[in-house]
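Here we start with a single chain on its own, the form predicted on its own, put down as structure tokens.
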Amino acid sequence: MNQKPVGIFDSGVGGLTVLSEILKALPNEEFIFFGDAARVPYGSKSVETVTKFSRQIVNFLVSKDVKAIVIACSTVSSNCFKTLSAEFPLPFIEVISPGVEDAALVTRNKTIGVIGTEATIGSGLYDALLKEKIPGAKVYSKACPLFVPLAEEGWTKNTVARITAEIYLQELLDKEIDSLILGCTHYPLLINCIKDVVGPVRIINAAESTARRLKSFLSSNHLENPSRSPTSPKFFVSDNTKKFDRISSLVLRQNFSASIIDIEKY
């Protein structure tokens, strides 16, 4: 059981930011990553559609005999986590609550900004969890749908990205937030641009938070891989490996290739 791989999935390339942090935290584990490049973005789709897509991906990962699954997508985490946990006999790690816990540690004025996809922000989950975790918290949320296609295109440092970030984030800065949760796993790809815009505001990267959560879970449940020579992560996508390969090499700082699978079969 312990030598089985951990499954990780996202709607596209954003989950690679989570995988990057997980590889640092758990260098001895083996991973299978799936990116749904054919159907990205998820954030503008209905909950029913996102749930259907997520079931197919989990079925695929189950076929690879994984021991746990990381939902490296905030849209799926906020809208489908409970459903998937109830339907599949596997432990799931989501990316919402780890970021909430880190925000509770860093905020000083209890005024927190959250940015994410339309579906994540529309779920209201961040707002509810933050106010439950931090009594008296003021939470200001903003959907930033253009950040995902910018990240997928690799436009993370140019003028278009900077202007888009300024337009989206000024509303939150006007509220005097002292911390900002990147509530979409694509957004760390734009982190330098976002930092330039928000200045001294503390940024909570859910990818880092989730890596620590997974490490703690595997350790406390005695599921760590005892091997000292794990294989490289295996990558699968539903479409367009060239874009995935290019961005994965930038995020993971290694050259990896992904295999295309027909996810509709699952």
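Each residue number is its position in the shown sequence, starting from 1. Being a predicted model, the structure only gives us computed values, none of them experimental.
Beyond what is shown, the protein has a form predicted together with a further copy of the same chain; the following relates to that form.
J.: Going by heavy atoms within 4.5 Å, which of 108-116, 86-94, 142-150, 182-190 lines up against a further copy of the same chain in the model of the complex?
T.: It is 142-150 that comes within 4.5 Å of the partner.
J.: Taking 4.5 Å between heavy atoms as the contact cutoff, choose which of Asn225, Asn205, Thr51, Thr241 touches a further copy of the same chain in the model of the complex.
T.: Of the candidates Asn225, Asn205, Thr51, Thr241, Thr241 is the one lying within 4.5 Å of a further copy of the same chain in the model of the complex.
J.: Using a 4.5 angstroms cut-off on non-hydrogen atoms, would Ala38 count as touching a further copy of the same chain in the model of the complex?
T.: Result yes; Ala38 sits at the interface with a further copy of the same chain in the model of the complex.
J.: In the model of the complex, does Asn28 come within 4.5 Å of a further copy of the same chain, counting heavy atoms only?
T.: No, no contact at 4.5 Å.
J.: Check whether Lys45 has any heavy atom within 4.5 Å of a heavy atom of a further copy of the same chain in the model of the complex, and answer yes or no.
T.: Judged by the heavy-atom cut-off of 4.5 Å, Lys45 is in contact with a further copy of the same chain in the model of the complex.
J.: Check Gln170 for me: does it contact a further copy of the same chain in the model of the complex (non-hydrogen atoms, 4.5 angstroms)?
T.: Because no heavy atom of Gln170 falls inside 4.5 Å of a further copy of the same chain in the model of the complex, the answer is no.
J.: If you apply a 4.5 angstroms heavy atom cut-off, which residues in 129-164 are near a further copy of the same chain in the model of the complex?
T.: In sequence order, Pro145, Leu146, Pro149, Leu150, Glu153, Trp155, Asn158, Thr159, Val160, Ile163, Thr164 come within 4.5 Å of the partner.
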